[in-house]
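What follows is one chain in structure tokens, specifically the form predicted on its own.
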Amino acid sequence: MNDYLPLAGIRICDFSAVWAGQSATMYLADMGAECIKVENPGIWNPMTRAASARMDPMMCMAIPPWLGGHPNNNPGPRPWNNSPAFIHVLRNKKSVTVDSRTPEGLELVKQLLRISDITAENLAIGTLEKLGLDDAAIRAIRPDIIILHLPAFGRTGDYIQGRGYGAHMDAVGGSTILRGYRDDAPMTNVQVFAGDFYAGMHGAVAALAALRHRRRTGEGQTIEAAQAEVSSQMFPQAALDAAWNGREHVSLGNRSLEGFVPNGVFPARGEDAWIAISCRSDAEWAALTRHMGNPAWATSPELATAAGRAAVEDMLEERIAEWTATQDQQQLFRELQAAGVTAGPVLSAGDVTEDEHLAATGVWKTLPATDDYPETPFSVPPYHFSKSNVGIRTTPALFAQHNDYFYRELLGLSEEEIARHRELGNIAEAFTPEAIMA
């Protein structure tokens, strides 16, 4: 493995927001693209850098930990630089500030587009068009540029003006109906947002295909990857079964789509301790039965096959739960694995960072402290390339961190021009107090 990065030399003008767009450009930045995130100091785009531009410890305690879990529940004066939910998608990127609402700021954006290979956005429909940056205008600036759109519900059709976050796209795509507990309504499991990262990966792969096409032909491409459409692909079996066979699927809870029985999450001893167990074969069921001490209820010949166990799955889950509730989670996990039973502990976010098995995969990389967060372990990309070291090369981009690089080195502006742009509000170190909500 060497220092070669497959996208070295590729530059991205990044207008993306929240998770879907930002994760798409994150994947490309992981592979070596220079991703320049354009941030407007006068506009607060909610859920892109923190829950709010004005956070305090009380607010941190009132919202979910994944959103409000700032270091020591203290967001400090710059919560946009240490929000746990968003800072991870800013790795390997550069942050610059430009107020594109002004003629001077818009000209700066055009200069960046002129030297970029890709531009990416998942803003509300019409946002860039209002600035005069529709696809035709962008392509007039850079004819071979790749334009990546990740709209919520597409750029045409009845939902064109629909706005939303991952929960809304997942609902339209159908995944909230198919996940969650069997006896719960779909609205009880909307805070998963899997569609964001799914859409981001699809967008990144589409951009890679477009780069390959451009290398062969010299032509740029315009890509539209609607997040709701991508989200619907998380459950292809349900869509195909409904279309071909007329069968409607419902949530299976923790049960197995492949027919493994038992397959679920069971309580362990102690407060909020759980263990996942899956018997993926009759041999695994036999091993589980032996480890439980061959109780009479488990030794019936009918239970020797998956079909027999499926017929009484409710009873099996109740009996297994009664037994696991008396067992230590970690000890039972190790014993079951040693016995040949597929099992694993259900870990909280805090437990995950201390799990020895996960750590052994090299998933964590400790990054140095900044003025806004302490020395912190960050998760590296969950994929490895055989010929290049794809990983975290730079810490998550702090707001406005790369203004000097952008204005002085990349655009080559004079000190007088830089002073003027600072006066105009293009160059800033923080969001303005009067920043409006996008």
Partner chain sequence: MDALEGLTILDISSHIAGPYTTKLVADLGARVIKVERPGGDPARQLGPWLGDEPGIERSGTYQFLNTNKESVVLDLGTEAGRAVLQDLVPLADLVLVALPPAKAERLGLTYDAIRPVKDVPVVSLTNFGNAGPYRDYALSETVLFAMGGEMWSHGLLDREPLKLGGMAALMQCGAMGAIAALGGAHAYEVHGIGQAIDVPLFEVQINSVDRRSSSILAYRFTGRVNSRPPGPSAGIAGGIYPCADGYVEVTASFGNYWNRFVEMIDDDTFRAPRWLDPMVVLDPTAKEDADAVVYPWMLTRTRREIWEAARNAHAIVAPLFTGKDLYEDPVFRERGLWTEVEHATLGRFPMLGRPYQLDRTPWRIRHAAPMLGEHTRAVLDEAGYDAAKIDSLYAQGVVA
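Keep in mind that what you see is a predicted model, and the values were worked out from it rather than measured. C-alpha atoms forming the largest set that superposes within 1.5 Å between two forms make up the rigid core. Numbering follows the first chain given and starts at 1.
One more form of this protein, predicted in complex with the partner chain, exists but is not displayed; see below.
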Exercise. Could you tell me if Trp364 has a non-hydrogen atom within 4.5 Å of the partner chain in the model of the complex?
Worked result: yes
Exercise. Is the gap between Gly253 and the partner chain in the model of the complex 4.5 Å or less for some heavy atom pair?
Worked result: yes
Problem set entry | in the model of the complex, Ala276 touching the partner chain (heavy atom, 4.5 Å) | yes
Exercise. Is the gap between Pro382 and the partner chain in the model of the complex 4.5 Å or less for some heavy atom pair?
Worked result: yes
Exercise. Can you pick the stretch from 287-295, 228-236, 304-312, 107-115 whose heavy atoms fall within 4.5 Å of the partner chain in the model of the complex?
Worked result: 228-236
Exercise. Any chance all of Arg142, Leu410 and Ile418 sit within 4.5 Å of the partner chain in the model of the complex, going by non-hydrogen atoms?
Worked result: no
Exercise. Looking at Ala321, Ala137, Ala283, Ala185, which is the one with a non-hydrogen atom within 4.5 Å of the partner chain in the model of the complex?
Worked result: Ala185
Exercise. Between the options Gly32, Gly391, Gly42, Gly69, which residue brings a heavy atom to within 4.5 Å of the partner chain in the model of the complex?
Worked result: Gly69
Exercise. Listed by sequence position, which residues of 157-173 have a non-hydrogen atom within 4.5 angstroms of the partner chain in the model of the complex?
Worked result: Gly157, Asp158, Tyr159, Gln161, Gly162, Arg163, Gly164, Tyr165, Ala167, His168, Ala171, Val172, Gly173
For this session: Take the rigid core as the frame of reference and indicate whether the C-alpha of Asp184 shifts by 2 Å or more between the shown form and the other one.
Result: yes
Exercise. Has the Cα of Phe385 moved 2 Å or more between the shown form and the other one, judged after a core fit?
Worked result: yes
